[in-house]
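Below are two forms of the same protein chain, given as structure tokens: structure 1, then structure 2.
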Structure 1
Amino acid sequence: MKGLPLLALRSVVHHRTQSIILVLCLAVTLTIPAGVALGLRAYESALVARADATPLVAGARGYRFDLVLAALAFRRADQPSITWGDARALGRDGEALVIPLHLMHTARGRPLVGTGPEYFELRGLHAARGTLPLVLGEAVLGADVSDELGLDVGDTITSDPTGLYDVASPGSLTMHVSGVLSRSGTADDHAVFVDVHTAWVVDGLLHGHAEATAVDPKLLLGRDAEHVAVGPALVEEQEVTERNLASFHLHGDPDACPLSALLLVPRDRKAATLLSARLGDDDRLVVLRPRDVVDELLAYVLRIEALVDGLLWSLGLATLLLVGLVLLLSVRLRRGEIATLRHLGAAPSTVVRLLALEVALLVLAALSLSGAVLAVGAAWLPDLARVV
């Protein structure tokens, strides 16, 4: 290296404290707006892709963003539930494939998604290892859940207690891991999937226990021709096994079992229109086209982004002015050095080029640092998008 590049490099290295501070200031100024923009684009594209892959969502009337985000990304919300009967009614005339979603529980902090085999077909998911949940009490793990918890086929995973201090609430259910899904880069990687009936077991609606007529008579509270009442000392099964599978049963009307949402795959566009029209006047159920809701949500996000952009540009401008001030003061402090160069015969333009090169080196270092930070950040973007 020779000439001005050498002199500029030496100066930047020599004034290292000042250089590091300036590089950090510039890097932060560059990284934050770029990071926000990249993050939002990733969020937007992940959300739009997921919405586009989901023809219709049905659920209880309420906050439509919550319903769609719950159905797309398993985000829990205090959404009113619908019932299995609603699902059956919507699917009765064959206009659409109805896929139930039960999103009311978690297992080791991950969403526990009760659904049917059609869900995996809709999302193009298949088991990378093992099988999809075939029987009651089996669970299939998203790829990230398997990696993060170190669980694989043959292990067990336990649902999180719903009411830790409520002795009347159902206990946790230990589920057998039947398979691990292939990685999809979506919210599916971060969820635990079970058959919807297993979700109802976690609800406490479906349960298994010893035959009431065969238990200790002291546990019996009453008996008539149709019913047997047993005391709470009769412990329900906390795990579905081959031995107790047959004992699991549902008290009451299956159509009253709760669901969080339904994914609807209409036969054709006409069917989609008919479904929407049919529920248009329903005061309890609603059918939404996820892409419409996501577009509406993104419009809000983009409006906020524009505001954030304005703030960031203002901060960036202030930072650049401060950096300019520091450089100006630095040049004043280096008057002697500049005078030496001039006395030796360096042209004023040479001195200006030298200072410009120093600034260019600082900017280059800031860009490199910013790029590195963004590259590392980009590795986390799928997680960011998945949080949706």
Structure 2
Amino acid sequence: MKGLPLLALRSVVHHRTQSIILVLCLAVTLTIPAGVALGLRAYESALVARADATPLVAGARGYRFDLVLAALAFRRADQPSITWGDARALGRDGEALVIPLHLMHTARGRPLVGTGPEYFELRGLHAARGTLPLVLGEAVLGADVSDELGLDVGDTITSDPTGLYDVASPGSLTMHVSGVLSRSGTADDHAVFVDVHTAWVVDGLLHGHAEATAVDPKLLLGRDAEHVAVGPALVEEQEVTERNLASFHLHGDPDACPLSALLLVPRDRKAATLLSARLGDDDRLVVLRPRDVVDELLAYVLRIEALVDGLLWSLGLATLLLVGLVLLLSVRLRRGEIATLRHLGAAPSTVVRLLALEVALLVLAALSLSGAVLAVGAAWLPDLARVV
């Protein structure tokens, strides 16, 4: 490098503080709009792909966005529950495969998803290590849950308390990790999966007691040769083991047990139409096509994106005006330097080209910095898309 380019480079390096400030301002102006656009495209792509892989979602009538996002991304919402009886009724005629979803609890801050083996088949999930839940009290971890919590097959994970200050609420359940799912790049990587019956144990609907003959005598109300009467203070089991598995039982009607949503896989297009028509006038249940709801949601997002784009363009224009003002003031402060160049025989056009080269170097540095930031950010886009 020689001549004007070398002189421009040395000038930029000499005024390093000013140059760094200008590069950072330009880089921020370039990075934010591009980063927002890339993030939204990744979010949209992941959400649409998840919706396309889910034929129908059924649940309680209410806010349709909450229902669909709960079924697709395990978002907890104040959504009315449905029942196991509803699931049985929808699957009775064989028009669709009905997959239950229980999404009312968390484990170590991660969604605790109660479902059946059909869910893993629908999503194409399999255990990278261990097995899927086979018995009551077992759990399989998403790949990210396993990595973040440092848990693997043979460890245990505890559900989060449902009512920290409510002594009547069921306590936490300690679940045995039976497997770890292969990484899918979806919301499944961030969840803990159990059978719906295990989810009902966390609800407190299905529970087990210690053998009455082995409890503290203070908890006994009476005893004879054939019967033992225990008091209400008898503590329920907080872990399912081989010893107490047979003691777990359900009080009440199984059809009344709660579910959050149902995934429906119709036999064919006709069956899907019949399902939608059958529940069209139902005052409790609704059947939704996830892609339709997601498209409606994205239409709102795009409106907000247009507003954000307008604000970002205004910010960019203000930044460019500020950079222009700084460069103008810089030229005025360098009048002595420019006069020296003129005395040395530099033509006016040469001075202009020198200043243009300095600006070009600053813009090139800003583009390089912006590109590096976006490249690093692109590596995180799959994580952003997974949480939906």
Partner chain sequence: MSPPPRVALRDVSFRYAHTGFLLEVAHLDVLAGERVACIGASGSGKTTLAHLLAGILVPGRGRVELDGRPFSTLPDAARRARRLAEIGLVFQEFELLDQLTVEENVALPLHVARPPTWDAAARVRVAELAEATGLGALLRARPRRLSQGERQRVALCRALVTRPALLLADEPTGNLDPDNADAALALLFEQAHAVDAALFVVTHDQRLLERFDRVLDMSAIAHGSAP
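If you superpose the two forms and keep the largest set of C-alpha atoms that fall within 1.5 Å, you have the rigid core. As the structure is a computational prediction, the values presented were derived from the model and not from experiment. Here, a residue number simply tells you its place in the sequence of structure 1, counted from 1.
One of the two isolated chains is the form predicted alone, namely structure 2. Comparing the forms between structure 1 and structure 2, the C-alpha position of Thr319 differs by less than 2 angstroms, with the core used for superposition. The Cα shift for Arg41 between structure 1 and structure 2, taken after rigid core superposition, is smaller than 2 angstroms. After superposition on the rigid core, the Cα of Glu337 moves by 2 Å or more between structure 1 and structure 2. Once the rigid core is matched between structure 1 and structure 2, the CA atom of Val352 is found 2.3 Å away.
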